[in-house]
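What follows is a single chain, given as structure tokens, in the form predicted alone.
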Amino acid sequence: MAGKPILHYFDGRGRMESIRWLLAAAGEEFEEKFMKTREDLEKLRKDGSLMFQQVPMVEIDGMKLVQTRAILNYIAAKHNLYGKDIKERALIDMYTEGMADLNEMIIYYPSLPPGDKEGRLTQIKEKARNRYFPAFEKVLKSHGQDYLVGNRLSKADVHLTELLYHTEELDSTVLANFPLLKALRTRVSNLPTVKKFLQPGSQRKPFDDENRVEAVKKIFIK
């Protein structure tokens, strides 16, 4: 029997947080090995663990997977969170890719220079309220079902729920006009596996503060 997946990354959100969320939602326990120094990253590079010299990297089912989307797709397919056929998978991919732009802005927000943060925050709020959240609210309204695709949980629902939480951290009223998104967030949050992940002391990571950002820079910036 294969052991638990091992996640190789720094002790923070970044691109690994979506992987943590999806594994948790799937009920698959995992371990983490945190890089703390530049030397830790170089060791992974030199021993051939990082195909493209980059993290995240996840050891899972005898593989060392890199590239965030490839990792997420594998986990989703393994745990039946990727639709029942290719049409549903296409929708799940489309919705997930649609979230990527806003998610990228939020991932990088903590590491921006102080003078750039106000403008970026305005941009995040505008895109969330006027482009992305209305689109997903419309999807839920169009079919009246509990989840985005096929009336069952998929990785799209997990990723969107994560995105809603992270956006609310920056704009507490962002969901005021999106009742179906609020309902989806509540529904997914109440799933036993996700509920456990949302509890204090879990492997979910907090918002990256200045100290964490500085620690990460020491790993990646020479």
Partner chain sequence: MFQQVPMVEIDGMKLVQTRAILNYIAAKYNLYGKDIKERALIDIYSEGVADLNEIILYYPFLPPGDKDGSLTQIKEKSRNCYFPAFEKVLKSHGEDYLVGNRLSKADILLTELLYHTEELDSTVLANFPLLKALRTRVSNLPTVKKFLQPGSQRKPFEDEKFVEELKKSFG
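Just so it is clear, the structure is predicted and the values come from calculations on it, not from any experiment. Numbering follows the first chain given and starts at 1.
Unshown form predicted in complex with the partner chain; subsequent notes refer to it.
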Q | Contact residue in the predicted complex, chosen from 117, 125, 131, 84 - any heavy atom within 4.5 Å of the partner chain | A | 131
Q) Between the options 67, 37, 189, 177, which residue brings a heavy atom to within 4.5 Å of the partner chain in the predicted complex? A) 67
Q: Report yes if all three of 112, 209 and 216 come within 4.5 Å of the partner chain in the predicted complex by some heavy atom, otherwise no.
A: no
Q | Proximity to the partner chain in the predicted complex (heavy atom, within 4.5 Å), stretch among 161 to 169, 53 to 61, 24 to 32, 180 to 188 | A | 53 to 61
Q. Does the partner chain come within 4.5 Å of any heavy atom of residue 150 in the predicted complex?
A. no
Q | residue 73 within 4.5 Å of the partner chain in the predicted complex, heavy atoms | A | yes
Q | Heavy atom of residue 97 within 4.5 Å of the partner chain in the predicted complex | A | yes
Q: Evaluate residue 139 for contact with the partner chain in the predicted complex, applying a 4.5 angstroms cut-off between non-hydrogen atoms, and reply yes or no.
A: yes
